[in-house]
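We begin with a single chain expressed as structure tokens, specifically the form predicted alone.
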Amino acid sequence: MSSSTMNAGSMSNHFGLFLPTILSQSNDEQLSNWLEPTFGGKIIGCYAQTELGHGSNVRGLLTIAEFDKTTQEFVLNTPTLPSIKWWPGTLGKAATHAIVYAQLILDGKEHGVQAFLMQIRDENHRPLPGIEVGDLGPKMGDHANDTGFLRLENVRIPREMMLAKNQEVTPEGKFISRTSSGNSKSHYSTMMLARASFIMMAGAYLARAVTIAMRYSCVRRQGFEDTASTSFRAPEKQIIDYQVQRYRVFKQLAIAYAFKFSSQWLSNRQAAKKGGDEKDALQDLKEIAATGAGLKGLCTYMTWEGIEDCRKCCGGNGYLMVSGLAPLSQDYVWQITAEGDYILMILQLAKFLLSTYQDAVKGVPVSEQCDYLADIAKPNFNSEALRPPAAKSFRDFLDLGVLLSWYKYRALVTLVDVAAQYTGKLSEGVPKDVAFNECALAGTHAVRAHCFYFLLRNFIQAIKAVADKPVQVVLTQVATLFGLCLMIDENWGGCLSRADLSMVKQANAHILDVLRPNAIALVDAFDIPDRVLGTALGNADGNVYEALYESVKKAPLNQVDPYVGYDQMQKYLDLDILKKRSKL
């Protein structure tokens, strides 16, 4: 099955968040009771964390869970309007159960945010006592996902319904944690899974848009090949052969491939870190979770921009809903904000990068994601000494090793600059939070440089694992294009010289020509069925005009003639003129 069909519709939260949370945070007894009905769809669950008044600041959630030792039950309340659960997918109409995140309070003492499994609807699919639940109403897009709200008033659930893999409340009302880090490891695991899923979907959605735009660009013709010809029957050019069109579409193709490979890396890395030493695993999870946060923010925003540009590349027909691109853009855009606005996700990674920089200066070994900081603690460290050698011709920039060295250097100097600004403010006595806020814009630039280095490096590593040599050659060309496009569009003026940038543009034009023969093969490799594309512009058979004509015959307004309401317009028309049938 194509990855483009995954995580879509009302069941996305059930399989994407509810089930993984059951798997990662339940003890053995809870798994034996809940896993089979959850996996088999006998219950339908949602992930109720976000509140009307709280999104990214999970620690500030206002939903309350108190323990009644007399009845051995937790009593859950959303005591204020801002505490109402708000935005969970599947909650609006489909869910029978919810994992509710709430502040645990025992004998007046706070024990942080914990996860509770509760049934919210009965056998007739009606809300249980004390529960008010419903849909949030019309949205910009993604109408198949019933995002909802949940209000709780003295809702009681058994003590055993608190997810208890890492902590539990005893019958006597005592809180017991079974890990030195409390619930942190499972929290990072859940967030990593969600972020890897968002990055995977970014690649999948962008692949859909690129497939439509690429196929349409290879079918659509505009402008004469021989401008000297005076006949309207003269051959016209495929629009993919206009350099700007080719650049726009192939750029999004390269980005889609890069996102797919990095999402695979994150998923594989997360799976590899299960078990092992708890302290080391938690530290690695923190690093990957931070990188995942920045990538989630950056990839979702770039995907939405990319889908929109693919739509614009299809001209007026891209504006039609049957293009498959107009609804795709609207259905995807919510993912930029999900789990927190994309800037908040990027700033999470900025904080981690600054912390890593400060550790690296002290000689603490750096993680794989920040290997460009490896030499920063050496005496007389000078970032300029690490600048890659000057290029001699544009062909130097066709070498992935050269491109990666430049991306590594840019990630280094961009972080060094913002770290100098940040530490300077700290030395002046500025509080940490204030200092970070005053450097936040520069921090977002450092995150972009870090993430683009991360994406290119993972792309290159994935290519090395490809056994098929001809495929490896083409993917190398795609990765090269990815690196060149971002050099052109990401304001590398302070890093590359004018001469270097000129050679980058030459290399970019060259690689676009090299990739042109593989345009259709590269989008066909995404293996997205026509039924998933939902388009009249980019089906595999290439019959664009036939599909467009068939679509208009099925349009709702064309099913009734004259149109509904014509009787109101008719009284203003001069019917005598109309009876002349165009005769003077």
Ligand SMILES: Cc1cc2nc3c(=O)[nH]c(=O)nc-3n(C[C@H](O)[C@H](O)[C@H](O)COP(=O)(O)OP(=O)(O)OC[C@H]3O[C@@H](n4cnc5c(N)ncnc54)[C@H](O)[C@@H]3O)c2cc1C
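Just so we're clear, the structure is a prediction, and the values are computed from it rather than from any experiment. So that there is no doubt, residue numbering starts at 1 and follows the sequence shown.
Below: the form predicted in complex with this ligand, not depicted.
Of the listed stretches (322-330, 341-349, 510-518, 120-128), which one has a non-hydrogen atom within 4.5 Å of this ligand in the model of the complex?
Contact criterion met by 341-349 only.
Does Ser56 reach this ligand in the model of the complex if we count a contact as any heavy atom within 4.5 Å?
Close contact exists here: in the model of the complex, Ser56 approaches this ligand to within 4.5 Å, heavy atoms only.
Closest heavy atom of Asn539 to this ligand in the model of the complex, within 4.5 Å or not?
Output for Asn539 is no: heavy atoms all beyond 4.5 Å of this ligand.
Taking any heavy atom pair closer than or equal to 4.5 Å as contact, tell me whether Thr38 reaches this ligand in the model of the complex.
Outside the cut-off, so no.
Give a yes or no for Trp87: in the model of the complex, does one of its heavy atoms lie within 4.5 Å of a heavy atom belonging to this ligand?
Answer yes; at least one heavy atom of Trp87 falls within 4.5 Å of this ligand in the model of the complex.
Name the residue from Asn77, Ser267, Gln245, Thr337 that puts a heavy atom within 4.5 Å of this ligand in the model of the complex.
It is Thr337.
Partner contacts in the model of the complex for 34-71 (non-hydrogen atom within 4.5 angstroms of this ligand)
Residues within 4.5 Å: Tyr47, Ala48, Gln49, Thr50, His54, Gly55, Ser56.
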